[in-house]
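The chain below stands alone and is given in structure tokens; this is the form predicted alone.
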């Protein structure tokens, strides 16, 4: 069951519900009683430049679920490194649409994928499915900015398969929506490397869900995961991370960390880090903390004349900045820092 299958069949019974363990905090069936009509084509002439357009060699845009140019999978076969801006723009109002794209990297290829989910409408339902495959020794860096409308329902799912010695690095930043879920399901190859990072900055009544599952089936693969979040007002953040190390995956090194700040009494964070280990020779760990801003640091800043809202913003920006600083692409890292700073200022 998935939002995508429900939109294809028109059957609300296909929607995931709280009875599904992985969806108990992002119940869609209880929220969507009737599936909206299909979204009409958007107005391509009204599109503004995307945040990453100036950094990219090419831009692939989906508008209300429709790809504006080109068709079929994106296959990266050139020897030189490439940068693609991938935009999912939602101009819909009260309607629903689905987008799907396959991306394949041939052996040894290097790709930077700069992805945005942009809410230019209202009360829409949007579903995105990506299929990403890396050949032997290929490298992919994926940076994602999720900026949906506050009354939207949006789900993005990526199935990622790594060839031997492939390297996948991902950083996703979200400000949530009425319901928003960003899910990554990754399968390792031999001696492959993966970094799965995330930031959620939630206010008002927004909800954001960062979910991942990483499966180790082969020797010597590495996973590093760091997610940080801040919630205020009546917002709700969800982190679910599962790492499975199957028999035969000896030499696995897997580390997961989730840390969140709750900045008001009615905000909520639900976290579920999981490790399932069926191999012997492994090094695995996970950590999870949820708390408030350091009162001593706030007092210290107040003694130096920094107003309380500004002090809270600076401490929060520094807290999530550890994740942003792990983005390797300098231009994308600068845009992500500015994105975080702008949304924290707006919340003050």
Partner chain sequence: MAAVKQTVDQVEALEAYKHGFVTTLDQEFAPKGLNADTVRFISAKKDEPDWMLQWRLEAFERWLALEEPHWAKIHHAPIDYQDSYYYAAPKTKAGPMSLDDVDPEVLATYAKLGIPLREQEVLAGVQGAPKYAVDAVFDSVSVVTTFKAELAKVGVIFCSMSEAIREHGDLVRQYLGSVVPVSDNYFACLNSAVFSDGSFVYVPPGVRCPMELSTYFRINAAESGQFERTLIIADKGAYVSYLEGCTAPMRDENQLHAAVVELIALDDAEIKYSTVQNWYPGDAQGKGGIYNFVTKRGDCRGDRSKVSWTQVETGSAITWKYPSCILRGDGSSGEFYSIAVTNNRQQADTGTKMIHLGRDTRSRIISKGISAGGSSNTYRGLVSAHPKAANARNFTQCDSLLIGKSCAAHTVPYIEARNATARLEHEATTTRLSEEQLFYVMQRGLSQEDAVALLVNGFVREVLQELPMEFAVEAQKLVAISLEGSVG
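Residue numbers count along the first chain shown, from 1. None of the values given here were measured: they were computed from a predicted structure.
Keep in mind that the form predicted in complex with its partner chain is missing from the display, and what follows is about it.
Asks: Do residue 247 and its partner chain share at least one heavy atom pair within 4.5 Å in the predicted complex?
Replies: Contact check for residue 247: yes, within 4.5 Å of its partner chain in the predicted complex.
Asks: My question is simply whether residue 173 lines the interface with its partner chain in the predicted complex - judged by any non-hydrogen atom within 4.5 Å.
Replies: No, residue 173 stays farther than 4.5 Å from its partner chain in the predicted complex.
Asks: Would you classify residue 178 as touching its partner chain in the predicted complex, given a 4.5 Å non-hydrogen atom cut-off?
Replies: No.
Asks: Does the 4.5 Å heavy atom contact test between residue 77 and its partner chain in the predicted complex come out positive?
Replies: Residue 77 lies outside the contact set for its partner chain.
Asks: Which single stretch, out of 63-71, 49-57, 34-42, 288-296, brings residue heavy atoms within 4.5 Å of its partner chain in the predicted complex?
Replies: Going by heavy atoms within 4.5 Å, the stretch is 288-296.
Asks: Can you pick out, from 213, 150, 106, 268, the residue that has a heavy atom within 4.5 Å of its partner chain in the predicted complex?
Replies: By the 4.5 Å criterion, the partner-contacting residue is 268.
Asks: Which of 273, 220, 224, 135 has a heavy atom within 4.5 Å of its partner chain in the predicted complex?
Replies: Partner contact (heavy atom, 4.5 Å) among the options: 273.
Asks: Judged by heavy atom distances of 4.5 Å or less, which residues of 20-39 approach its partner chain in the predicted complex?
Replies: Contacting residues: 21, 24, 25.
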